[in-house]
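Heads up, the chain below is alone and in the form predicted on its own; it's given as C-alpha cells.
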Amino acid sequence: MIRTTDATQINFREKFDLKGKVIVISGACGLIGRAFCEAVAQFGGHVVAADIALAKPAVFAEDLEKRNGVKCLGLEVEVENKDSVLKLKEAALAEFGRIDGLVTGHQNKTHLIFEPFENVSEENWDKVVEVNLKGTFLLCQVIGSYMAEQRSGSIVNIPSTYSVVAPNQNLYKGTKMGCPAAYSASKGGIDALSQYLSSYWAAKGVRVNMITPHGVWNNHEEQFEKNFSNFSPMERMSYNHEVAPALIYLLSDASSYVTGNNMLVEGGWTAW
C-alpha cells in the first residue's frame, strides 16, 4: 500500500481492476451468481465458477471464458460437504496457482417457499441451514484459511434483507410466495459469521464483507411485483446486474480499507 496523502499519485481506475486475480464464486450459475461471474470476468478476473452438478458449471465457465477472453474454470461442488470444498480449493490452485477472492453466492430456500412456519419439518429446516450457513462456514474455513496463510484476500458473503429486518408479510398477499423462517435464520448466521471473520482475519490481510440484495427480478408474479413496488422507496424490483458492481468494489483494491461492511443493494427497503 502506498503511504501518501497525494491523491495524484494514485490511479483510481486501476484500483477496480481484477486482472490476474482468481475469484472463487459458489452458486455461480444462479441468477445473481451469473451476473457476479460476468462482472468479474469483464474486469479481468479468472472466475472459478462453482455450483452443483445439475447447474453444469463447466459449460457455464467455458461460455464465460469465450465471451470475455479470460481463463475460467467450472467446478462441481456440494458446499455442505467439506471434502467437496477441499477438492474445489485444490482444483482451483492446481489450475491457477493462487486464490485471491471468495464469493459465497449459493443458497437454498426454494423448496420451503410455500411452506408455512407451523408446518416446517426438521428435515427441511436442517437442509436450508446446512447449505446456506454451513456451506458458507466451510467455504470460508477452507478457502479463507488459505488466503489468511497468504496474508491477502477478499471474502464477500451474501446474507439477506431478511437477516437485517423481518419480512413484511403483506408483500406476499395475493401471491403464492413467501419467505421461510429457516432462510432468514440461516442468512442471519451468515451476517454474524462475516462480522466475526472480518475482525478475526483483519490483521492477516483478508477482508470480509457482505452484499445484501433484495427483490431481484426473476419473472415474478404480476401481483408480487405490484406489492413490491408499493413497499419499495424506488417503486420497483432490482435486477441482477445492479448487484454485481458492488462485488467489483469489494473484491478489488478500491475497497482496500473496507472490512466488516454489509453493502445494502436493496433500493432503500430498510431506510423506512
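One rule holds for the numbers: they count along the sequence shown, beginning at 1. Small disclaimer: the values here were computed from a predicted structure and weren't measured.
The same protein has a further form, the form predicted in complex with a small molecule, not shown here; the description that follows concerns it.
Student: Sort through Y146, F137, F96, Y183 and report the residue having a heavy atom within 4.5 Å of the small molecule in the predicted complex.
Tutor: Answer to the contact question: Y183.
Student: Have a look at V206, I32, M210, A61 for me and say which one sits with a heavy atom within 4.5 Å of the small molecule in the predicted complex.
Tutor: When the small molecule is considered in the predicted complex, the option within 4.5 Å is I32.
Student: Where, among 118-126, 155-163, 168-176, 192-200, do residues come within 4.5 Å of the small molecule in the predicted complex by heavy atom distance?
Tutor: Stretch 155-163 is the one.
Student: Do V77 and the small molecule come within 4.5 Å of each other in the predicted complex, heavy atoms counted?
Tutor: So V77 counts as contacting the small molecule.
Student: Going by a heavy atom distance of 4.5 Å, is V216 a contact of the small molecule in the predicted complex?
Tutor: Yes, contact at 4.5 Å.
Student: Though only this chain appears here, would G27 touch the small molecule in the predicted complex if you measure heavy atom gaps against 4.5 Å?
Tutor: Looking in the predicted complex, residue contacts with the small molecule include G27, since a heavy atom lies within 4.5 Å.
Student: Although the partner isn't part of this model, could you tell me whether V70 comes within 4.5 Å of the small molecule in the predicted complex, counting any heavy atom of the residue?
Tutor: No, V70 sits far enough from the small molecule in the predicted complex that none of its heavy atoms falls within 4.5 Å.
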